[in-house]
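Given next, in structure tokens, is a single chain: the form predicted on its own.
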């Protein structure tokens, strides 16, 4: 009976973590990173049978795309499926690819909400606070915390997926997983909102002259009394509208903000 060694599984995990997005195209996305990560597994299970090795590489070169860190669980599940297939289980190419395709969407929903939607903004908000005044602990904190957390988390999920095999499918695509995705989406929105309120600062110099020279109406103070942080909220919603509704890239949004800022300063509004 063929059994994948821990050494081979670690090699597969490491190759995925180091190369998951190294060969990207709109046609294939992360498929070649996935197939490369399966090379150690294929060699151990089908070593010497060139025909089976070629078939395995071809089936793992199909279109694939998910969030890489949380998505490690799919790599582990696939390793388990390949092991079962090599031991004579009735698992063909279609079964393996169908399971991969069926899992990559739900995992992307969970992973995108957790990593770029919640974890990265949370770590950055802490790092920005530490970096105020030029403290080098800010970037060091972010680099160390992010790399250690995603490395340990992905390693655990990879081996958990391998151990559970197809049993993990119900856990990932079931009703409980749907509630988890909704919870992380909500938490991510709260975190991003908190980061925006803390670090986006927009004020106006606009002043309304009144009959009393010593008591002009300062627009910024009036706005903050009515709705604190109203201008930063408007800027955040404007950027969200450009990127989500008009498909404007982040680089172009930054350019638009620079132009608006220069125009506002020129007319005395900012």
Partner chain sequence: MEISLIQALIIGLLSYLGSLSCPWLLGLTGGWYTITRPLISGFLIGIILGDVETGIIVGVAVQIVFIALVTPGGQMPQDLNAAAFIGVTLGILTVKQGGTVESAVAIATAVGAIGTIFHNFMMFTNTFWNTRAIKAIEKGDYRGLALNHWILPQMVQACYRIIPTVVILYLGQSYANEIIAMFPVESYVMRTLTALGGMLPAVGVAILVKQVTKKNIDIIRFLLGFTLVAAIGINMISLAIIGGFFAYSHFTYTATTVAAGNASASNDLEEEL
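Numbering follows the first chain given and starts at 1. Between two forms, the rigid core is the largest collection of C-alphas that superpose within 1.5 Å. The structure presented is a predicted model; accordingly, all values stated were derived computationally and were not measured.
What comes next is about the form predicted in complex with the partner chain, which does not appear here.
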For the partner chain in the predicted complex, the stretch among 79-87, 131-139, 92-100, 156-164 with residues bearing a heavy atom within 4.5 Å is 131-139
Check: Is the gap between residue 45 and the partner chain in the predicted complex 4.5 Å or less for some heavy atom pair?
Finding: no
In the predicted complex, does residue 54 come within 4.5 Å of the partner chain, counting heavy atoms only? yes
Requested in this report: Could you confirm whether residue 204 comes within 4.5 Å of the partner chain in the predicted complex, counting heavy atoms only?
Outcome: no
Contact label in the predicted complex: residue 192 to the partner chain, heavy atom within 4.5 Å: yes
Contacts from 1-26 to the partner chain in the predicted complex (any heavy atom within 4.5 Å), listed N to C, are 14, 15, 17, 18, 19, 20, 21, 22, 23, 24, 25, 26
Core-superposed C-alpha of residue 156 shifting 2 Å or more between the shown form and the other one:
no
Given a core-based superposition, decide whether the C-alpha of residue 17 shifts by 2 Å or more between the shown form and the other one.
no
**Request:** Please say whether, between the shown form and the other one, the C-alpha of residue 198 moves by 2 Å or more once the core is aligned.
**Result:** yes
Output row for the residue 258-residue 135 CA distance, |change| of 3 angstroms or more in the predicted complex, reads farther
